[in-house]
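The data below hold one chain only, encoded as structure tokens and taken in the form predicted alone.
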């Protein structure tokens, strides 16, 4: 265990917060030993994965940061049409997707190029371009931070919702995911209908894309609208796309006939938060240290030299402006610490 460790390399916003104590977990037994030592009982504890969906509000984290860095991918079972694969929590998510696509396995390709680690993916139920993690999730193993015992959580146990899971609600701070099992297909229809995928394929003369071509297209689309965190700090999409009542959407449509939307199975309507923010006049806004990315209004950025509270204040202003203009309160997807 180390003391007074800079968290700048461990969060994609690039804020230079300091952890009073810091422990890196490279094997599951490292976490068990840490739990048995009692180090987690006497102080604030933050479980840190890729640091791509987190905002440090303060300059010091007065507690223990536990950084999950376990590695490994293995095939659990395989048949003619399916494969069950297990990935350790510390595996890089884009690398895992790239691995699966390279093997010709379907089920996570639309989630390509989302920064983060495998263990954090179920917590957030990450999603993009019409696909969510829960679609290929089979089960995960998690460790109880109070006892060090492991438990298997099925898809039903996880209570997945839109960017939600039981690990963000009832069991928040109770368990750490140590590995995730995915059930993937060796052949399946590609999901091409969401976002800019069709337009990109048409522009590049791709009529019947392969799994690899779809993966590469999504990576290119994301690169075109999201900043490189090595150059400009961000957490990717900062706000969730709000889901509203159909009656409210139809009323808004009278004033905003070009409002993009996606019908939800329950009769609700999902509206892109980025569009709302842009219409509220925030796209491209910046001050000295922070701003709204000029290529995608859903992304709040840190240009350097700023503090976490600068992003917090900016986020609150955007929420207020959007609510005043549309009557919709958008919610952060990023976790505030």
Ligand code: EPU
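Positions refer to the first chain, counted from 1. Computed from a predicted structure; not experimentally measured.
There is another form of the same protein, the form predicted together with the named molecule; it is not shown, and what comes next is about it.
Judged against the named molecule in the predicted complex with a 4.5 angstroms heavy atom cut-off, the residues 239, 262 and 274 are in contact without exception. For the named molecule in the predicted complex, the listed stretch (70-78, 206-214, 231-239, 173-181) containing residues with heavy atoms inside 4.5 Å is 231-239. The shortest heavy atom separation between residue 128 and the named molecule in the predicted complex is within 4.5 Å. The shortest heavy atom separation between residue 300 and the named molecule in the predicted complex exceeds 4.5 Å.
Taking non-hydrogen atoms only, residue 27 never approaches the named molecule to within 4.5 angstroms in the predicted complex. Remark: residue 200 does not count among the residues lining the named molecule in the predicted complex, judged by a heavy atom distance of 4.5 Å or less. Proximity to the named molecule in the predicted complex, taken as a non-hydrogen atom within 4.5 angstroms, holds for one residue of 98, 86, 225, 185, which is 225.
The partner is absent here; in the predicted complex, the one residue of 163, 159, 168, 246 having a heavy atom within 4.5 Å of the named molecule is 163. Contact residues in stretch 306-337 (any heavy atom within 4.5 Å of the named molecule, taken in the predicted complex) are limited to 333.
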